[in-house]
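There is one chain below, alone, in structure tokens, taken in the form predicted on its own.
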């Protein structure tokens, strides 16, 4: 039973991550007053891509072919490090939060290399934007995790989130609120959501993440989109782990509350994207610097 609980988050993440995208799209459709696509449409899209062929440009090298698999492998590996519902992760050790951050960095590194490998000016432009914005999002994430680590006295994600219970909110509520807000901003930025990026746009001059995968097709594109859904799940689990302390000791109850919270987060993203416009590119760094400031302020509150 303990082994099943440890692998609960990886299994749920692998099967349920695309559902979050469907919930976001459905929420946006409701706010727009239209029927919208079925909530399971992301699963159909992935299945359709897996059955198609792949076209490779003569300009690309092995990096372009290996990149989707490396990104998917990094996402699955990171999934093993994140706890679910107050239960320990499948793999837990001191300092695993740094490994988690570096796995996301490895994924981004290969995504940027794939974009540059196509010799496309548009994809190179998207890669430069991705690097600039990630250089601002990563400090906010790391400082936010450092705040939680300082408060709990642990540098393992499983032990950190086990220590963030109701009593922790009574002791350091303002610091945890600031940390959660900063991670929410990182969540939106890393998943290319409004107000940072619009995942539904098809204008090359305004895209960030989507422009980097224009030359991919078939199963390769399916791996990239599936890995992006897993990234949505991963960063969402970090946000929920801080903001919703599910530590009742009942595995089923904590798991149900965490799952409902993840669906609620997807609805929140849909509401954000339906109620505000995308920021101008020049304003995005200011937005991310604000996340860094929130994380630093939270760390100062914990250390005082």
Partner chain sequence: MSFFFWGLIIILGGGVLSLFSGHKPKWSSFWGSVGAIIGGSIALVPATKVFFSGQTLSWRSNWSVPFGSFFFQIDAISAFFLIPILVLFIIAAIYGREYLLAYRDRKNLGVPLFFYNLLLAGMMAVVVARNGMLFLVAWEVMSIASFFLVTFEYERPAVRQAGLIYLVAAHIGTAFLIVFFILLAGQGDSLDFDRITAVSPSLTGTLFLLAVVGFGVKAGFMPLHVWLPHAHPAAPSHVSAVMSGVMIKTGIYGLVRTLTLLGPPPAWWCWTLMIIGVTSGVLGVLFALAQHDLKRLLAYHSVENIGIITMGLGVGLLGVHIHSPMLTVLGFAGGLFHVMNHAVFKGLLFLGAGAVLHGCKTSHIDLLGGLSKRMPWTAITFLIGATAISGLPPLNGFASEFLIYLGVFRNDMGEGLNHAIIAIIIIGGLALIGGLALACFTKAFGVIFLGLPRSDHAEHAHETGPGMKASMLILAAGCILLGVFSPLVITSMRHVIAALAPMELSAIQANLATAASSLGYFVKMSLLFASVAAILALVRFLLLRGRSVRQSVTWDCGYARPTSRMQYTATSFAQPLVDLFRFLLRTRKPDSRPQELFPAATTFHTDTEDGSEKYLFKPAFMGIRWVLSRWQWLQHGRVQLYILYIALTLWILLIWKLM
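Note that the structure is predicted; figures quoted are calculated from it, not measured. Residue numbers count along the first chain shown, from 1.
What comes next is about the form predicted in complex with the partner chain, which does not appear here.
Proximity of residue 118 to the partner chain in the model of the complex falls within the 4.5 Å heavy atom cutoff. When contacts are judged by a 4.5 Å heavy atom cut-off, residue 61 counts as touching the partner chain in the model of the complex. The partner chain in the model of the complex is not approached by residue 199, whose heavy atoms all lie more than 4.5 angstroms from it. In the model of the complex, the partner chain lies farther than 4.5 Å from every heavy atom of residue 252. Shown here without its partner, the chain carries 131, 285 and 302, all of which come within 4.5 Å of the partner chain in the model of the complex through at least one heavy atom. Interface residue among 168, 177, 113, 162, judged by heavy atoms within 4.5 Å of the partner chain in the model of the complex: 113.
Put simply, of 172, 230, 184, 149 only one has a heavy atom within 4.5 Å of the partner chain in the model of the complex, and it is 149. Stretch 46 to 54 is the contacting one of 234 to 242, 252 to 260, 22 to 30, 46 to 54, since its residues have non-hydrogen atoms within 4.5 Å of the partner chain in the model of the complex. Contacts to the partner chain in the model of the complex (heavy atom within 4.5 Å) from stretch 93 to 107: 93, 94, 95, 97, 98, 99, 102, 103, 105, 106.
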